[in-house]
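Shown below, as structure tokens, is a lone chain in the form predicted on its own; questions about how it binds or moves come after it.
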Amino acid sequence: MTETQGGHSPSRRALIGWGGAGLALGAAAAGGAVAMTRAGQDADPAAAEAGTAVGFHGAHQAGIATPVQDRLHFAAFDVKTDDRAAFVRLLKDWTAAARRMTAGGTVGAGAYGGLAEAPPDDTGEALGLRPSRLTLTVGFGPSLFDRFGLADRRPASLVDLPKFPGDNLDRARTGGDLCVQACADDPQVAVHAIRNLARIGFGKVAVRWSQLGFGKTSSTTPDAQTPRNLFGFKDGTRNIAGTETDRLSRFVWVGDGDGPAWMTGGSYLVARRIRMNIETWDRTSLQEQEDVFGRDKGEGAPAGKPKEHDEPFLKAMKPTAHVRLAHPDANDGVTILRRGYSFTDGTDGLGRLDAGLFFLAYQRDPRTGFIPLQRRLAASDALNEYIQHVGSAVFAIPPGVRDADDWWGRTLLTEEA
């Protein structure tokens, strides 16, 4: 949880789980006509309510600077094949499926009408649903570069995250060769997308871990009210907006000369599963809660200020206040783009909620972004009494798919592969 400078109402559907083994993709004809918004640009709120589609093609992948949707299904995968050509085929098939699903179409030949003796290409649970601003964002983990002769193409910025004080990481929720982030305003649309990519990849990849998220905790829309986390506070009110092209170029997008050319236009993602000690927090006084964050709970204004978006006066906060420690002015200008979600995963067997924040942070380089920021927070943030980082991963997010002939990872794996 960090403070950076800088709609659809809750769905009628309950979240559903994984399903089935898969087939290769069928025909990839384009779906029906849909309203489009360019990836990375602000969306019209009325269009968002109407369940419109977000454009799939662009210089950057959608799902980063795109206006944040309400629901998340995130999955990390282990690669199971040693066949480079098969892996490339998988990425091409995933791209074709994602292109159709983000436009509101079905995978391949669809969920019905094909051979009765064969499983359909699409699982069918999103039939009749709107695109719901579905975005699919793919990333490559450090361990992928131990395969397919890619060792010399691993960016220097794609470092293994160090162990931070207070970390209690579950290996079953940490790492991964690949990731797919599915965001949408309808949870069934997001789950359908991950489910179908997993079944397409059957035999080549396997899900290592996954996370469902609800209630976005960050916004990339200018001047929007910041959503609240499960502690009831607004955090990250100065997040980078999707329309702030200068700040995106400075802090989020990989530029020419930053590393290997294949990453230009991409970004780096740090994902952290942060468990919140809900029961302890709920017995804490309001004054202490506000002192911990450095904001008032009602308006979300920084200490001593009347409005949420007022410039914080850091010295008005306690030295251990979360906002004071995380603010760019206290960290040599370190700025990241937040895209986190709340989660609840039942109880821990002791009657306590297994709930918290699934933290997603995009940045130009983790070595100058998340890592120094988290070191500072881990050392003295008062919030640490109420949270614990229990899952972690870092991924290189390649640039966007440019056109109908492009595919995820082409710049890394090259066409001749």
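Just so we're clear, the structure is a prediction, and the values are computed from it rather than from any experiment. From 1 onward, residues are counted along the sequence shown.
Quick note: we don't show the form predicted together with another copy of the chain, though the next part is all about it.
> Gly333, Pro222, Gly232, Gly166: which sits within 4.5 Å of another copy of the chain in the model of the complex by any heavy atom?
Here the answer is residue option Gly232.
> Using a 4.5 Å cut on heavy atoms, which of Gly340, Gly201, Gly139, Pro187 is close to another copy of the chain in the model of the complex?
None of the others qualify; the residue that does is Pro187.
> Mind telling me which stretch in 235-243, 139-147, 174-182, 125-133 gets its heavy atoms within 4.5 Å of another copy of the chain in the model of the complex?
Of the options given, it is 125-133.
> Examine Lys315 and determine whether its closest non-hydrogen atom to another copy of the chain in the model of the complex is within 4.5 angstroms.
The answer is no: Lys315 has no heavy atom within 4.5 Å of another copy of the chain.
> Is Ala156 close enough to touch another copy of the chain in the model of the complex, meaning at least one heavy atom pair within 4.5 Å?
No.
> Is there a heavy atom of Pro162 lying 4.5 Å or less from a heavy atom of another copy of the chain in the model of the complex?
No - in the model of the complex, heavy atoms of Pro162 and another copy of the chain never come within 4.5 Å of each other.
> Could you tell me if Pro119 has a non-hydrogen atom within 4.5 Å of another copy of the chain in the model of the complex?
Although another copy of the chain is absent here, Pro119 would touch it in the model of the complex, with heavy atoms inside 4.5 Å.
> Would you check whether another copy of the chain, in the model of the complex, lies within 4.5 angstroms of a non-hydrogen atom from each of Val191, Arg283 and Gly298?
Result yes, every residue of the spot touches another copy of the chain.
> Along 213-230, which positions have a non-hydrogen atom within 4.5 Å of another copy of the chain in the model of the complex?
If the 4.5 Å heavy-atom criterion is applied to another copy of the chain in the model of the complex, 213-230 yields Phe214, Gly215, Arg228, Asn229, Leu230.
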